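One chain follows as structure tokens, the form predicted on its own.
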Amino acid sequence: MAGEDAAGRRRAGDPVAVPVVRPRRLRRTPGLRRMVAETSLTPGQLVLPMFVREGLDEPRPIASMPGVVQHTRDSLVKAVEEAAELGLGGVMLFGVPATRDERGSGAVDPGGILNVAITDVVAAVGDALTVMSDLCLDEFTSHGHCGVLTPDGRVDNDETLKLYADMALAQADAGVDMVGPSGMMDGQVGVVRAALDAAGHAEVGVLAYSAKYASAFYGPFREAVDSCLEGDRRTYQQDPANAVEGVREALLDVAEGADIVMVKPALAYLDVLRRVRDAVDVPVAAYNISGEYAMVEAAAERGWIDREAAILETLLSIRRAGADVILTYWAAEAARLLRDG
């Protein structure tokens, strides 16, 4: 008969109590949770997008992006110095010129606002963080498209590539560490890489906006750069319905020499981000874009969500989906939260 022997030990054949599996044991304390965390988030993985506007005397707030401003050249330098002190991985610079024309001439002018801002920033922080710059014509064209237009209003892919090559050289001459071709022109990475190499700028990296979708979440960004766009960019940005296409674009960019590939937007395309991460052997970035930022800020302002917790959860979700690098307007604040948290 089942039971214990005289020493109180279980006898052979006695039923064994099945232990209750308790995964919650590993969640019990902050120390345990940190120890077994599968995904990390550090300041060095974050890149801060920044806007510098020609002719400003003081920073100008962007209404749809609370806490974000169009910088003066001086305030930009101070903000980048702070980003370096916080240990961010980098900054991504966007220029907002005072005047624009059909071909976006300010983008290739050595005295243009973006190019002089690059020089300002590099002089201030050296190699303390990575200085990146957007390589696209949309901020500089009077029509707001990412390339030059044909007489019937279509974007001329190959003519635009010639200007992208010149823009890459202007940014490299200004001292940039990494250019970010973002216009979704076919062949843009190969043309930019070849131009840089031929001009002796082989050390300048290329962060390719590889899977950039025609998203509804870009609205606040267009305020940030005073966009002149009428219509949309669906003929060259990707269809939100397509995921395999995003992987194909990323693989093409790697083949053309991209050092990092990027998925943009981030939150609505976490599945694409995961697929790209699994498909390529270079670092993968994701852009936590203006509309994603604005939604959290608006909800938090109304008291509907815990703002700081939502910021960190948002960024952690992008990391968990596969991003090695995250471009986010919360980069500096997230670095402080991680430092103080």
Ligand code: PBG
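Computed from a prediction, not measured in an experiment: that's the story for all the values here. Residue numbers run from 1 along the displayed sequence.
The same protein also has a form predicted in complex with the ligand, omitted here; what follows describes it.
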{"property": "Location of the ligand contact in the predicted complex, chosen stretch of 76-84, 111-119, 241-249, 132-140 [non-hydrogen atom, 4.5 Å]", "result": "132-140"}
{"property": "Non-hydrogen atom contact Trp330 with the ligand in the predicted complex at 4.5 angstroms", "result": "no"}
{"property": "Partner proximity in the predicted complex: Arg233 to the ligand, non-hydrogen atom cutoff 4.5 Å", "result": "yes"}
{"property": "Thr160: touches the ligand in the predicted complex, heavy atom cutoff 4.5 angstroms", "result": "no"}
{"property": "Exercise: Gln237 in contact with the ligand in the predicted complex, heavy atom 4.5 Å", "result": "yes"}
{"property": "Heavy atom contacts to the ligand in the predicted complex at 4.5 Å, residues of 260-294 in sequence order", "result": "Lys264, Tyr287, Ile289, Ser290"}
